[in-house]
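In the block that follows, a single chain appears as structure tokens, in the form predicted alone.
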Amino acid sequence: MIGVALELFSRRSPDEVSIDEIASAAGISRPLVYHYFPGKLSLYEAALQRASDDLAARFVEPHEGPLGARLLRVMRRYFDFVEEHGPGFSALMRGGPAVGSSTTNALVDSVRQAAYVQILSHLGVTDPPARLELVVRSWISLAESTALIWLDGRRIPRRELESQLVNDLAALVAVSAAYDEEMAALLRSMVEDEPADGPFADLAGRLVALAS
């Protein structure tokens, strides 16, 4: 039943999905839905729990190969989720029947924290300084807003945005590195093993071309 509800919530705003529709799609009676869930809000929260677990898992990436390529694979899985669950993702981030509840806020925060922990692990940092925490959390917020804007018309190619977000993280680190030696050392470690055809090298080449 939760899987069916999640599929329906992913195709349309939760406000547009009724208990009767969920029961019909699941092949069960309306009273049986209410036997397990007091109302649509509790069912929506259960669906969000499953979706948030799925989204958090998409940030998990083996620590193999250049950092830029790893982050690009993460962004592709992230946008896979956004594309698969567009209306549900938008409803969760922008508004919906459970938005503002302690359960929903906790689920959203858990996904953000999972992303934060995974990015730090790929940067090789266990005790992040304040500047790095600011950079990574700002980047996570940027990824969310980018996905929401993309869903509204999809006016920019998805692949371009995936690469852009990877480079956005490097750019945020680079700006902070200009003011702090610890961040400068981190930036050097991020790009030292980057191949010539990697996303960070591609960005550097484009910036040099613009400046010449």
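No experiment lies behind these values; they were computed from the predicted model shown. Residue positions are given as counts along the sequence shown, with the first one as 1.
Omitted here: the form predicted in complex with another copy of the chain. The next part is about that form.
| said: Just checking whether Glu133 would be counted as a contact of another copy of the chain in the predicted complex - the rule being heavy atoms within 4.5 angstroms. | reply: Yes.
| query | Closest heavy atom of Glu160 to another copy of the chain in the predicted complex, within 4.5 Å or not? | reply | Although another copy of the chain is absent here, Glu160 would touch it in the predicted complex, with heavy atoms inside 4.5 Å.
| field | Any non-hydrogen atom of Tyr78 within 4.5 angstroms of another copy of the chain in the predicted complex | value | Contact with another copy of the chain, no.
| Leu203, heavy atom within 4.5 angstroms of another copy of the chain in the predicted complex | Within the cut-off, so yes.
| request: Spot the stretch among 22-30, 55-63, 36-44, 167-175 with residues whose non-hydrogen atoms come within 4.5 Å of another copy of the chain in the predicted complex. | output: It is the stretch 167-175.
| Contact set, 143-161 vs another copy of the chain in the predicted complex - heavy atom within 4.5 angstroms | Contacting residues: Ser145, Thr146, Ile149, Arg155, Ile156, Pro157, Glu160, Leu161.
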